[in-house]
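Starting off, we have a lone chain in the form predicted alone, written out as structure tokens.
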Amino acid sequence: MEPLGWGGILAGIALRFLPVWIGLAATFAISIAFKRRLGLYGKIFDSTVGMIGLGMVLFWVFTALFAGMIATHDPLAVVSGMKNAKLGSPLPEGFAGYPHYLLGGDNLARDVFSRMVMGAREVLKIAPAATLFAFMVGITLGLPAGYFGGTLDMVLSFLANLVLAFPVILLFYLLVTPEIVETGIPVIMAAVLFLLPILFLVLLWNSRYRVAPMQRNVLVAVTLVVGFWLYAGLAFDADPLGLISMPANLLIVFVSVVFVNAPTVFRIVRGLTLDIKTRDYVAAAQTRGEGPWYIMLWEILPNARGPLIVDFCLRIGYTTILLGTLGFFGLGVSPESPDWGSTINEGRRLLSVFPHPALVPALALMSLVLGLNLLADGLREESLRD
């Protein structure tokens, strides 16, 4: 079988991404049709930059969702004779399955295209969830710090500044090194940090539905049952049903990302709270006799959503880069993982001779972060018009 030319390679890649193209077309068609009813999300489609960014982000989201359909080979499978194979190289005679390595092979004869596709799933499995947890932690601590002030604000701000004063990469190194892991510190950190999202939701329901006890009790009960079920499985790998678990190396990375990002979110939320709490509608809520947590969660937080949504998009990009950096240094992820950082690290050794094993995941990482930055710019542009 002959090697594929550039036309055949591009056609093969485009065909493999057919589920992604369908998903993108359907999402954009529905979103544009109902954009006036979709709030800030709908306004993205009035911004060219925002639409481009959203398209790039959704491309990788759909790639992660349909990775099993898109990948041509097992990302861990080694095929004899395909070590550092060139782009479009045919597989040996008698090999069952897809007949080519569309983007070549790496130094262990694995398919670069499949590892790039499955790497998207690895990255998007951690970055958004860890960023969301960091935001819930930062919001839960930043709102009372800014609203109440005083000693609480001073203590929490000092702790946040203490974490932020430490070099991020060095902090990651310390948190994922075997010596620190053996002390149990990451598990203790997970036990503390994972409680705060549960506390956030309980405060949210209790403050909103305090005059409707039945509805409040149902929501709080569901939150506690589901929350502590997830808490036991994620933090301690002790899910009684055996459905929820997180590998130890993944837990360390997850906790590290949350711990590093939460202080920055705390400072942003605290600053917004200090500004918004002086507004007239907050004074009106205080006059009505609303409680402090109702004012913080249902008056201040919704009016701070614009800057927080923008920062959320940017922070997912920062988290993606951090995860790539960890993978590049071989920290916190399994050595055979197809995540982009690990793949770049493996490919860099022969970069001058065979650049494609490192270049492909590097371009994928760059495009995802670029898309997130463009999406954040579009959101910022539209939120400023409100």
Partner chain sequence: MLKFLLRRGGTMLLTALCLTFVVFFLTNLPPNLEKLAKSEASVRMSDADVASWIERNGYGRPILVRYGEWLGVVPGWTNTEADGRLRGRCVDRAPVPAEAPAYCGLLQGYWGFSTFFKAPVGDKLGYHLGLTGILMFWVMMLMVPASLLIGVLAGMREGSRTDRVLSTFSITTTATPEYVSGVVFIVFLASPAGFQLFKGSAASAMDGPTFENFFLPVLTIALYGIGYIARMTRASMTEVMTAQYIRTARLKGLSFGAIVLRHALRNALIAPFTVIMLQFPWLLNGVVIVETLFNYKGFGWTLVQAAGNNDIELLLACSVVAVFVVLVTQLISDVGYVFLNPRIRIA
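Everything quoted here is computed from the prediction, not taken from an experiment. Positions refer to the first chain, counted from 1.
Omitted here: the form predicted in complex with its partner chain. The next part is about that form.
- By the criterion of a heavy atom within 4.5 Å, T63 is excluded from the residues contacting its partner chain in the model of the complex.
- Remark: V168 counts among the residues lining its partner chain in the model of the complex, judged by a heavy atom distance of 4.5 Å or less.
- Its partner chain in the model of the complex is approached by L374, whose closest heavy atom lies within 4.5 angstroms of it.
- For T325, a non-hydrogen atom is located within 4.5 Å of its partner chain in the model of the complex, even though that partner is not displayed.
- Relative to its partner chain in the model of the complex, residues R37, V222 and L243 are all farther than 4.5 Å at every heavy atom.
- Contact with its partner chain, judged by heavy atoms within 4.5 Å in the model of the complex, is confined among 74-82, 131-139, 172-180, 235-243 to 172-180.
- In summary, among the residues I321, M69, I32, A26, the only one with a non-hydrogen atom within 4.5 Å of its partner chain in the model of the complex is I321.
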